[in-house]
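So this first bit is one chain, no partners, the form predicted on its own, shown in C-alpha cells.
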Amino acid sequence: MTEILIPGDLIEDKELLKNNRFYISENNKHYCTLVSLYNNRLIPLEGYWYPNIDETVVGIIKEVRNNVFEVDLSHFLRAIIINDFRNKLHFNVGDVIEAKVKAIENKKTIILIYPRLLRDGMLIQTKPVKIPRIIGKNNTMINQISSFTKTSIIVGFNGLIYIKGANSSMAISTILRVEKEAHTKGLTENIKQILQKELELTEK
C-alpha cells in the first residue's frame, strides 16, 4: 500500500534504510526526515541531489580548458570530465552531454566518465528527488511516456532530462505532470490513460 511519510514518522521496515540518507536514529528507532512516498521503498519528495557512483547525469559543457571539460549539472557541486590521451574527446561550450558518475572527490568535485553528446533535443529541469518517480519502478513510467510520444528520453539523476522526437512537447508536459503529482497513488496507470486520450484527440 502506498502512503506518505512526513518528518518524524517512524520507519519500521529496516530494509528501507538501505541506501537512504533521509532518516535519523534515536534509541534504536529510525525516523523519517523528509516528506517521502512509501511503497515497498522510500522515495523522498523534497530535498537535494546527492550523487552516487554510476548514476547517469545530463549536463551542459560550460568551460573547456587544457584537458578538462567543466560540466554544469544545475547543481552546486563542480563536475568535470578529464580528457586524457585515450579518450580524445571533442566538446564545445554549450554542448549537452550524458555521462556517468565515476567518483566524488573531497565531497566537492564530481568526476564524470563515458560522456556522450546529445544533439538537437530539448532539455528540461525537474526536482532531482522526483526522478525515481519519473523513471518508475523497473523504468515503467519513463518507458511508457517514451513509447506513447515516440520520443527518446534520457533522464539525469541530477534533475536534467533530455528529450528528442516529434511529440517532445507532449512528453515534456507529461513528465512535468508526473513531477507535480509524484505523491499520488496509481500514477503510472493514470498517466497511461491521459496519454492514450491525448493521442486519440491528435489522431482525429
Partner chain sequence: MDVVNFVKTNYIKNLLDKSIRSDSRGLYDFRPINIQANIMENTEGSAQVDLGDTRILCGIKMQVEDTKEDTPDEGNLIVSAELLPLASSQFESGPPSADSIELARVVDRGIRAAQCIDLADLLIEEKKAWTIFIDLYVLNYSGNLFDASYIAAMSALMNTKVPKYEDGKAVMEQRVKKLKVDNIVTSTTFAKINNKIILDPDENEEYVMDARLTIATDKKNIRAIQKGLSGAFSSDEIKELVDRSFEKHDLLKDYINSNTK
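Every value quoted in this text rests on a predicted model; they were computed, and no experiment measured them. Residue numbers count along the first chain shown, from 1.
Heads up, the form predicted in complex with its partner chain isn't pictured, but that's what we're talking about next.
Trainee: Could you check which residue among 82, 117, 93, 89 gets a heavy atom within 4.5 Å of its partner chain in the model of the complex?
Mentor: It is 93.
Trainee: Looking in the model of the complex, any heavy atom of residue 98 within 4.5 Å of its partner chain?
Mentor: Taking the distances in the model of the complex, the answer for residue 98 is no, it never comes within 4.5 Å of its partner chain.
Trainee: Report whether the minimum heavy atom distance between residue 123 and its partner chain in the model of the complex is within 4.5 Å.
Mentor: Taking the distances in the model of the complex, the answer for residue 123 is yes, it comes within 4.5 Å of its partner chain.
Trainee: Looking at the partner-bound form in the model of the complex, is residue 135 within 4.5 Å of its partner chain by any heavy atom?
Mentor: Residue 135 lies outside the contact set for its partner chain.
Trainee: Though only this chain appears here, would residue 145 touch its partner chain in the model of the complex if you measure heavy atom gaps against 4.5 Å?
Mentor: No, no contact at 4.5 Å.
Trainee: What residues of 150-171, in sequence order, lie within 4.5 Å of its partner chain in the model of the complex by heavy atom?
Mentor: Only 160 sits within 4.5 Å of the partner.
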